[in-house]
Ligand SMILES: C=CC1=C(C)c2cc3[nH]c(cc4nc(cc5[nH]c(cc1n2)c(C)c5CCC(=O)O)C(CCC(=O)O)=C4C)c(C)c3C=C
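To begin, one chain is listed below as structure tokens, in the form predicted alone.
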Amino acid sequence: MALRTTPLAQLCKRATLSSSSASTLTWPANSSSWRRNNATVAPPVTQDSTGSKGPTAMVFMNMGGPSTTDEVGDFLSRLFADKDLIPLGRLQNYLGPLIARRRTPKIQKQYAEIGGGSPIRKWSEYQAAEMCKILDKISPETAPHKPYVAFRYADPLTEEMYTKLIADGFGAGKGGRAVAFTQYPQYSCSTTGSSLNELWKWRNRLEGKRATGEVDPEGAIKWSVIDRWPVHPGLVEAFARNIEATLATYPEERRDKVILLFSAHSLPMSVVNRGDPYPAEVGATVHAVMHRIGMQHPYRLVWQSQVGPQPWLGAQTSDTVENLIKKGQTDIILIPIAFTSDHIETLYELDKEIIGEAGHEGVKRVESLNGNPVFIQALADIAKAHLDSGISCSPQMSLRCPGCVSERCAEQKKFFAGQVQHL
């Protein structure tokens, strides 16, 4: 959300897995082995004739956003209830709803200014569907690939997605495979970690010990995770082409001196000092993109959406733009490097608050990835490599932050890493 107006934007859209991450999940060869205790269990998910290991559910995970202004209140309530994202201590259950109610009118006005709601659901559903079309062609053995979206704070929520998976014939005694594909290219415990905690919670409630009495019941969905992909060549190429297209809009005599500001959502320093990998992975993306475009322009990595009085990762995007303009440097391109589609942070905070207030025609923003075909092909390539690899998550995901004290996080990581035994 807008940096100086609301904490709603805290820690949006980041993290994920490299092109070498993955897994290949199959059902038992002898289906009777998981029916032995229940003769009425439904048969496995129907196999597609083109895919001996299909169908495969591809679940896009993201923070989400309210599609209408009427949904803002519920969105904020869920956001401020999330201790992984906004830790408020023992008063979380009291302060969270209070902050959400007070912020709602202001945030509704901001969403009204960008068209009445966030476009992130539209783009997420489009990206997932288009990726699955490509996967059906390049990975026929795991086809058909069925797209799903699971948002952390907005519809469709993780619970809704999981219920739909079961209704569609995955899990609940029928077996089947699903891939949780985080849409935060760079991993943070506050984003990807929170989404996986939520997925793990609903797996336990709907298919795990709380539902069946078993920790790992037979016929449950077999999960794997694409948890980060900060330097995938397709992601880098998509960013690079968008930057080059924006550079081409400047007169040739000014082009080489345009300053590139890569802007990512900031983190509280308490999270950074705990050992969160997000700053390093964002930096890796920036470095890879700059190498792709030849290191020919001055650049910096800056951070947006700081909220409250506590120290946050800087320098702040808004302050940087303001200071550059004061020095007479008004040819600046903003690049939202940790987001995979437009949302409130790009359409309102960058476009209206920062670029709008700058008042200079030389301050511009590159187009977001949205429906970019290079980006969607990259998603398919990442998923294909994951499906072929036979691993359940990247080696990095199983390593906790050095300062982590969350047992929930530890158990979630243990669960997803342990899914490799089913692949």
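Quantities reported herein were computed from a predicted structural model and do not represent experimental measurements. Note that residue numbering follows the sequence shown and begins at 1.
One more form of this protein, predicted in complex with the ligand, exists but is not displayed; see below.
If you superimpose the site C-alphas and bring the ligand over from its pose in the predicted bound form, 3 or more of its atoms are within 2.4 angstroms of a backbone or C-beta atom of this form, and that means blocked. Stretch-level contact check against the ligand in the predicted bound form with heavy atoms at 4.5 Å: of 123-131, 223-231, 292-300, 70-78, the positive one is 70-78. Taking the partner from the other structure, the ligand in the predicted bound form has a heavy atom within 4.5 Å of a heavy atom of Pro268. Taking non-hydrogen atoms only, Phe239 never approaches the ligand to within 4.5 angstroms in the predicted bound form.
Of the heavy atoms in Arg177, none are within 4.5 Å of the ligand in the predicted bound form. A residue is said to contact a partner when one of its heavy atoms sits within 4.5 Å of a partner heavy atom; Leu379 fails this definition for the ligand in the predicted bound form, lying far away. Distance criterion of 4.5 Å from any heavy atom to the ligand in the predicted bound form singles out Tyr111 from the list Tyr111, Tyr148, Phe262, Phe170. The single contact residue among Thr158, Ser190, Thr317, Thr142, judged by any heavy atom lying within 4.5 Å of the ligand in the predicted bound form, is Ser190. Of all the residues from 80-116, those having a non-hydrogen atom no more than 4.5 Å from the ligand in the predicted bound form are Phe80, Leu85, Ile86, Arg103, Ile107, Tyr111.
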